[in-house]
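In the structure tokens that follow, a single protein chain appears in two forms: structure 1, then structure 2.
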Structure 1
């Protein structure tokens, strides 16, 4: 398995450390990530975490923008400047910095959420709220389908 799947909640200890789920660590190693990079999500109180290839996705997007417009500049600032490296200690833990706490609202517990090629870090309560909203939006997509059909 080489994708980040499933989700887990871990406690933060007195030193601000939190264990990355063993399953995720296995994926990190399998993908050969030497270090993790965490990016503040644009519109969510969460961090996107992955290898440096996480940036490829955004850089491709930036390349589509007109370099003379502000949008490209904003995007570059966002993905190159609004992130932080996460070092795994030898027990597989990372430290929750204020930079992360401010954006996510994380205080005592951290929810790790697989997203395929990367994973996310959430404050568990906010994650639950967002999950309910996302679920409701997807259900609306289904409105147009016929009775008895199972889309997706």
Structure 2
């Protein structure tokens, strides 16, 4: 398997570390990541986590912008200056820093969510709420209704 799939919740230990799920670690190893990079989601209380290919994806988008405009500068700040490196220890754990906790609201448990080429870190309650909203939006699309409308 070479994709981050599924989700799981893990407890944070007394030293502020949490075990990355074994199947996520297997993907990290298969892809040859020596470090992980975590970016704050712009519109969600979650962190996007991946290898340098995650940064590559953002940098390709930045390269399409005029380097003299504010958009390119904002995008560069977002992907280069508003994230953090995560180092897996020998037991497959990462540290939940204040930077991550403040953005996500994580306290005692961490939800890991596969997103294909990357994964996300969430506070479990916030993930549950987001999941319910996402399913409701998809159901509305399937039923051909707009948000707030009832199917006929």
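Residue numbers count along the first chain shown, from 1. The structure displayed is predicted, hence computed values, not measured ones. Under this definition, the rigid core comprises the largest set of C-alpha atoms superposing within 1.5 Å between the forms.
Report task. Mark the structure, either 1 or 2, that is the form predicted on its own. Result -> Form predicted on its own: structure 2.
Query raised in the report: Relative to the superposed rigid core, does the CA atom of residue 69 travel 2 Å or more between the two structures?
Result: True for residue 69: a C-alpha shift of 2 Å or more.
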